[in-house]
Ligand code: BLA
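Single chain ahead, written as structure tokens, the form predicted on its own.
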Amino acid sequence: MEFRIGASYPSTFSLQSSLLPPLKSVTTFTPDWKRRRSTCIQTFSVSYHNFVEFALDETRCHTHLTPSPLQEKFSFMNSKDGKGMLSMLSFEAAKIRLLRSLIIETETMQVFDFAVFPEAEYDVPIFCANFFTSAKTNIVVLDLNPLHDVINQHEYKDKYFKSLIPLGLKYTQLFPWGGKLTSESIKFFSPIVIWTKFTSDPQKYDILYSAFKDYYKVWLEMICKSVKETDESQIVLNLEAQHRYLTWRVEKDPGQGVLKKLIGDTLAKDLLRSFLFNGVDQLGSKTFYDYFPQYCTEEGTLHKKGNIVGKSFENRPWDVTGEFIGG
């Protein structure tokens, strides 16, 4: 089944109209899921399962979702100490290579990692939501990660992000810039990226849910309207761009430490390469050092200061028109 274009996205964005009541702590997919989830002690009022349910329902309004073969292996997993749980879902659809989600719940934190990757025939951005929540702190990245350069390639930026600047401004004014990002990291973000940290607060969760819904709706509009590429050279460029993104995430994803602590090095590596960033071993053969040679030491190992190679951006490097001002 092909995608169907849904209702037009509203040109004005009303915060009050999109806010929901405070999120509840329990949202279930199946009775089996309910039984599994009851083993974890919940200490937060937010539930990221609501985010997943919204995304799946919204996607099904446009296309038919088919469970990914990955679902057979990656579904539920308990932490080594038995006090935490990882729940995973994955799907495929027309134009979508992979839609996947990971939710980690322990007694002290929740992690939400949700992404949608387009097929290589489409140059649509990658939808990305990475949230970390503890009793006091929240770390958030929400973006439509550009497949190609939006700092120097104005044609690509205008194609996908020019009309979204008002949406970005709405939420980036509510969520201040979260701190330093390297020049390499910034290349994977768009002018409307929400990168922020905030103290746990029910109202903030409501606004974050609103942002997630708005960003996902515009992403769905993008993928619905996208036209299948027939130029093989452009498809190759799209494929390499997605592989470059996956290679970066596998090596530099900040959640690696959490995964290793919860499920051990071997399972964490498998989860990263086979599920979260599926395609890194299939879509291309280049290595991290092929894409990012500046991170390689003379001994051929990862630079110990790899996280700060290049210029750091302490403040938002885009102005209110979406122009890059980071230098």
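For clarity, every value in this text was computed on a predicted model and none was experimentally measured. Note that residue numbering begins at 1 and tracks the sequence as displayed.
The form predicted together with this ligand exists for this protein as well; it is not shown, and the discussion that follows is about that form.
Checked against this ligand in the model of the complex, the candidates 249, 95, 157, 243 yield a single residue with a heavy atom inside 4.5 Å, and that residue is 249. When this ligand is considered in the model of the complex, only one residue from 70, 296, 267, 258 comes within 4.5 Å through any heavy atom, namely 258.
Within 4.5 Å of some heavy atom of this ligand in the model of the complex lies at least one heavy atom of residue 130. Using a 4.5 angstroms limit between non-hydrogen atoms, residue 90 is distant from this ligand in the model of the complex. Mapping the unseen interface onto this chain, residue 123 falls outside it, with no heavy atom inside 4.5 Å of this ligand in the model of the complex. Although the partner is absent here, residue 206 lies well away from this ligand in the model of the complex, with no heavy atom inside 4.5 Å. For the candidate spot formed by 145, 181 and 189, every residue has a non-hydrogen atom within 4.5 angstroms of this ligand in the model of the complex. Here the chain stands by itself, but in the model of the complex one stretch of 130 to 138, 162 to 170, 148 to 156, 227 to 235, 130 to 138, has heavy atoms within 4.5 Å of this ligand.
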